[in-house]
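Next up, structure tokens for two forms of one chain, structure 1 and then structure 2.
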Structure 1
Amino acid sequence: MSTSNLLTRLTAALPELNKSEVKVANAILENPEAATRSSIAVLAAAASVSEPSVNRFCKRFGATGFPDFKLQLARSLVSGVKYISRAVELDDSIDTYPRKLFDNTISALMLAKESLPLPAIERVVNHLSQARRIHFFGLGTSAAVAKDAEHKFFRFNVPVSSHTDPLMQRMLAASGGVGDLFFCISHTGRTQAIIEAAELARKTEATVVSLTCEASPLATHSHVVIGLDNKENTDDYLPMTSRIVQLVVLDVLAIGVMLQRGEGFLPHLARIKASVKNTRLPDDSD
């Protein structure tokens, strides 16, 4: 399905649609961002039609079904100010651009949830739980994500570090060994320094995991890939939704490791939490 002008195509097709299809089209056109987050039941109710009618409507416009239609609809919401955000236009005001950015992020998270590679996540949780040492690598915007990962995973009683210097990444990767896990973060998977570090680590007995685009060069140098289908164009715009999705996936991995550790690990986490309790001023809101 052509995605560049899907909303325009829906509008242009209105005179040719039957009564039920017009209802579905109007429900989508009234709030396309909400449509990307709706279930088929919710959209059918909003349009006062049956779920099979919605499914037939999606197929009329070239989708394989409703999930595929939502994915294509989300990708079609691609207009905006280059170098800032594709969700924003130059004439946006305080009444429009904050809501657009929230809607854009929510849509990206919902799409990521629907396409989450659960088998890969389970494998990565196992590798993280068994690692003797974990290094998180990231550059640019992904450097902040790598730092956040270090902050999450140090709690699991294993040496954890984050590295954003390409030379340090190369040296650490070349010195990897059994039990070392190199976790490489890159939205595009085309950042040369990260790819080279992963390639060096693969030549050792270490494990290489990547959070990146499934078919990227970085993915080919990784033992396990958490492939994300986030089509944010970070070559032309500031990374926004891709960064948020990466952070949530890391939250999923952290919870997975905690659940593997089991109830006996909770006192350790409680001690860490208690250690900062006295650093905060009392809460006088009550």
Structure 2
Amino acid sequence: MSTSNLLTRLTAALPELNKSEVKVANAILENPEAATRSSIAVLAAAASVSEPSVNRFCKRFGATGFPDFKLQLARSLVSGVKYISRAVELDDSIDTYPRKLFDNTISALMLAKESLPLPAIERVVNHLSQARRIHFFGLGTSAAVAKDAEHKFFRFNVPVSSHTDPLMQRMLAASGGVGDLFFCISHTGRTQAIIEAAELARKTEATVVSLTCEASPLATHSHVVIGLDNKENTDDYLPMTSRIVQLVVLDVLAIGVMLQRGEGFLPHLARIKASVKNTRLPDDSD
């Protein structure tokens, strides 16, 4: 399983190959796309060599055989067209910018998925499921994230609140005690109001958890940090992808708590779901 591109490897190896192998390599490089579609016979003919020569060639490059080689080739052909976050330009039209935005969000999530701080997540899940009270703090864009978190966690039978007022946050933080969990959300980790609230809470018996960017001031004032990288070149004017990642991380935490509660807890969730039934018009399907 080589990390580098197969086509590059092919070109690089060219001088060390023997006659027929060079022929095969050239035939492939001539039209790699076509090569992925051809049978061993067709490719052998194109390279004017015998079929076993092609087969040997494939094995030489680490494949188990010709079909496997084609698979690798197909893979390396797309890898060049991988998802790149492309900034929206002023001359973008309705046919371009919506998809660009979705792509950016998707790739942000893909990146975040790769570098998920699982140990921290696990610790936070433990804190959350043992907490006697949970306070979500966020300002600006993170206020909406905090609100969303509140909506999710209240289902776990714990008193939950979200606060966007810095004064309220300070007062609550200062009066924290054992079992209180302060969950601070900040994209930059540099918002003073939140940092101060975290500081105040740290002086009490409460637990301070933060969802923010690594090695930020807020991070240093927390017991546990879920650190997300934020190389957000795309969010120049409007904050976008970062909060989506935060939301999904909060989903992960909620599911983590749910899984800890186990099967016996599902009826409780079902009851909550049922409770909103009569605020809705009947659905055709059920």
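On a predicted model such as this, the values are computed, not experimentally measured, just so you know. Every residue number counts along structure 1's sequence, beginning with 1. Think of the rigid core as the biggest set of C-alphas that the two forms share within 1.5 Å after superposition.
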Answer check: the form predicted alone matches structure 1
Core-aligned, is the CA shift for residue 251 between the two structures 2 angstroms or more?
no
If I superpose the two forms on their rigid core, does the C-alpha of residue 37 end up displaced by 2 Å or more between the two structures?
yes
Superpose on the rigid core, then tell me if the C-alpha of residue 58 is displaced by 2 angstroms or more between the two structures.
yes
Superposed on the core, the Cα displacement of residue 26 between the two structures in Å comes to 17.5
